[in-house]
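Consider the single chain below, provided in structure tokens and representing the form predicted alone.
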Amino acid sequence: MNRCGKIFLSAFFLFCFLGGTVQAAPIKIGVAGAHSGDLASYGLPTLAAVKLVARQANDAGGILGRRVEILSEDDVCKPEIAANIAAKLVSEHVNAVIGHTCSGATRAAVGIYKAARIVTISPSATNPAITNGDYPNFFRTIAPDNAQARQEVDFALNVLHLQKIAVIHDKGDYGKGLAEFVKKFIEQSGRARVVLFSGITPGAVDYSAIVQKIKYKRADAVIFGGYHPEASKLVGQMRRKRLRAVFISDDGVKDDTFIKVAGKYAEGVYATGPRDTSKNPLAKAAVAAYKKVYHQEPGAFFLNAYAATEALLHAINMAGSTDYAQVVKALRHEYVETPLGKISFDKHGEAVGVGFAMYQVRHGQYIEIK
């Protein structure tokens, strides 16, 4: 190398040492979920939560001196799209993923992340099979469907004293999986009967055939596994047919969009959802930050996503790097204060300290039943 070249390199390294524009590589976090379509009311609050936490981290100097960068991808809650998105995020060398929103999409993507050794935390995918030990890279900040189904059945039997129950689902990984647990728990109880177990087709306009079956079976209640678009149609058609059976559903329905779409027919509907932590100071701060930017109330799974992002960044900070093994270790052994409370993760990736509660629509809003 000639003398001019040596002088140039010396000047370059001196420039970097004195605080030039060359910076450490950012921490890339993929945010994958339903950002459009019927289920966007579940995915968009997650994206907003991740952006807010990342902004706060960056304003404070980043994590380990590295800026947090968000790469968002819309899977519309469709498994085939989710798999393509997972491959794309892997090719973009993300360090971790917050998502996906729906269980079917998550199951399609999580194996791809596992092969690439990418930590994945979902705020909303509740299918129990995802934490059966096959995916050590997967974590979630919401309780699984078997816990949710148990809550629904216990409430139906111990509080409402129902005896003849129709269990309906949307045939998807989430809805059908939850419904199967509901059926199992009812049958194990010996105190009630499943008079009908059936699936409906998502997106169908007319559910009169299944409504007629529910009526014929003289069901005291319907426990539905699925999402709000189908639930709103089903309960509306039930009520228009003067079928007064109690309607109980899940966190796929515990969303303000269900109330808006179902209108007056939403009144009295029960649904399980994450425990109300609105009195937690960190939850109040998170909601206030959202309102300041978006000028409205945050939607479903916002706090779960906020907690997921905080847990991830805390683990990276405690690990001292984005190394996969070290981050996984930190997630499983380090507790972090979040809007959901003080949480960590067990060996299966389930959040310790997180659970479900029962809600009912009263006067146009979901109220937690104590």
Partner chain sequence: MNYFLDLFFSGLTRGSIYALIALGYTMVYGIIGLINFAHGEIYMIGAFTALIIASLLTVLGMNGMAILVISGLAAMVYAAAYGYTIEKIAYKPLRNSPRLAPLISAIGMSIFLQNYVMLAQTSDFLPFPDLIPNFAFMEPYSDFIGSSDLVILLTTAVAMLLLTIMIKYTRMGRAMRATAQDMQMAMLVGIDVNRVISFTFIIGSVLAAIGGLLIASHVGQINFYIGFIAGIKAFTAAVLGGIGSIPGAVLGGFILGLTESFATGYVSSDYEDVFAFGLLVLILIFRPSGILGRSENQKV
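Because the structure is a prediction, the values reported are computed rather than measured. Numbering follows the first chain given and starts at 1.
Here the subject shifts to the form predicted in complex with the partner chain, a form of this protein not shown in this document.
A.B. asks: Any chance 273, 314 and 342 all have a heavy atom within 4.5 Å of the partner chain in the model of the complex?
C.D. replies: Zero of three within 4.5 Å in the model of the complex.
A.B. asks: Using a 4.5 Å heavy atom cut-off, state whether residue 38 contacts the partner chain in the model of the complex.
C.D. replies: Taking the distances in the model of the complex, the answer for residue 38 is yes, it comes within 4.5 Å of the partner chain.
A.B. asks: Contact with the partner chain in the model of the complex for residue 160, defined as at least one heavy atom pair within 4.5 Å: yes or no?
C.D. replies: No - in the model of the complex, heavy atoms of residue 160 and the partner chain never come within 4.5 Å of each other.
A.B. asks: Would residue 277 show up as a contact with the partner chain in the model of the complex if we use heavy atoms at 4.5 Å?
C.D. replies: Residue-level check for residue 277: no, no contact with the partner chain.
A.B. asks: Would residue 151 count as a contact of the partner chain in the model of the complex, using a 4.5 angstroms cut-off between non-hydrogen atoms?
C.D. replies: Residue 151: no contact with the partner chain in the model of the complex.
A.B. asks: Identify, from the list 135, 265, 155, 181, the residue with a heavy atom within 4.5 Å of the partner chain in the model of the complex.
C.D. replies: Selected residue: 265.
A.B. asks: If the cut-off is 4.5 angstroms on heavy atoms, which of these, 204, 116, 246, 287, is the one near the partner chain in the model of the complex?
C.D. replies: Here the answer is residue option 204.
A.B. asks: Using a 4.5 Å heavy atom cut-off, which of 209-217, 79-87, 123-131, 99-107 contacts the partner chain in the model of the complex?
C.D. replies: Of the options, only 209-217 has residues within 4.5 Å of the partner.
A.B. asks: Using a 4.5 Å cut-off on any heavy atom, which residues of 221-252 would contact the partner chain in the model of the complex?
C.D. replies: Heavy-atom contacts to the partner chain in the model of the complex: 229, 232, 233, 237, 240, 241, 242.
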